[in-house]
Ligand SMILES: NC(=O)c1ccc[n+]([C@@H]2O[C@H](COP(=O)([O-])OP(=O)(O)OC[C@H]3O[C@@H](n4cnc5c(N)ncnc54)[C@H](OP(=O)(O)O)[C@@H]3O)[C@@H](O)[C@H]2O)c1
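In the block that follows, a single chain appears as structure tokens, in the form predicted on its own.
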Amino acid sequence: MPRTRNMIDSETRLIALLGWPVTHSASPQFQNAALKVMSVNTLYLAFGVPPEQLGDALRGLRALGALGANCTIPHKEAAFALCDWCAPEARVIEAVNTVRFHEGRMLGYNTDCYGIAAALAEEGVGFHDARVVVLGAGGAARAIVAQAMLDGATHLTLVNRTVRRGEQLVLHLLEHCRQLDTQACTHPLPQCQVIGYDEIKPALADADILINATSVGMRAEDPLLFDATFLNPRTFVYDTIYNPPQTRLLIEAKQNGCAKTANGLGMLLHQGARALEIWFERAAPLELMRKELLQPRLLRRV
């Protein structure tokens, strides 16, 4: 009997999503919808993997003949260290969110840079000539800061609980971000500062773009990282969290006059589509993926 695209058989390949936690993720639904349309005999499944077991998980997937993996919070930086080879953007950012298993090797990529730029563009927003504030210094923040530098932000403020960690990240990216550009940039690098949350008020007063790149907000009980009255109403507020679709940050930003806000669905969509293109070396069905991702059943509310 001929195999249909919905049939699982002995030739079905696996792509895994590794995170901790991972039950909130909408990636399996919209990625599997894309895989069906692409008529590839592949399944995309999510696995909760504690940080200390990430190496075992990736090596196990490679041994099982998996096609690839996505790594999400908190695994992106650790995945970088585990890969045998990394693409230029992943080497600069030192974070990997997409792994391709090829000829016994783990190849690392980072599609978050592309994802944030494409997501902002759809909102009519860009980093060029902007004053940008980024919360966090983890894997997602690394990609966002690098893209802001690359796209010509004039001023960049990184806010992190551990200022020293943030300073190390910014210094590294200032030195290496040009490697991400295949056509040499002509704009100057942004003025940068790294501060703690107790110093955030002046930075928010002048911000054109505020991006939360932390996991704070995934739970209804998560507190806001700063006083929302510090927000400037003209600031575009973007939360990389997409589930719940309205985080406390986005709710309080609107309550304090910020007319333009967005959650992380756009970034998720575009980084996921780029990952498919890496695994299959063909275009992803972007609009179908978007339609699937916007299904209310995939997302919860605070």
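Position 1 is the first residue in the sequence shown; the rest follow in order. All figures in this text were calculated on a predicted structure; none of them were measured in a lab.
The same protein also has a form predicted in complex with this ligand, omitted here; what follows describes it.
- Judged by heavy atoms within 4.5 Å of this ligand in the predicted complex, the contact stretch among the candidates 201 to 209, 188 to 196, 85 to 93, 137 to 145 is 137 to 145.
- Proximity of Glu77 to this ligand in the predicted complex: non-hydrogen atoms within 4.5 Å are present.
- In the predicted complex, Leu268 approaches this ligand with a heavy atom inside 4.5 Å.
- Remark: Tyr242 counts among the residues lining this ligand in the predicted complex, judged by a heavy atom distance of 4.5 Å or less.
- Residue contact with this ligand in the predicted complex: Ile73 places a heavy atom within 4.5 Å of it.
- Using a 4.5 angstroms heavy atom cutoff to this ligand in the predicted complex, none of Ala26, Asn32 and Gly68 count as contacting.
- Distance criterion of 4.5 Å from any heavy atom to this ligand in the predicted complex singles out Met218 from the list Ala228, Leu174, Met218, Leu107.
- Contacts with this ligand in the predicted complex, taken as any heavy atom within 4.5 Å, map within 154 to 169 to Asn160, Arg161, Thr162, Arg165.
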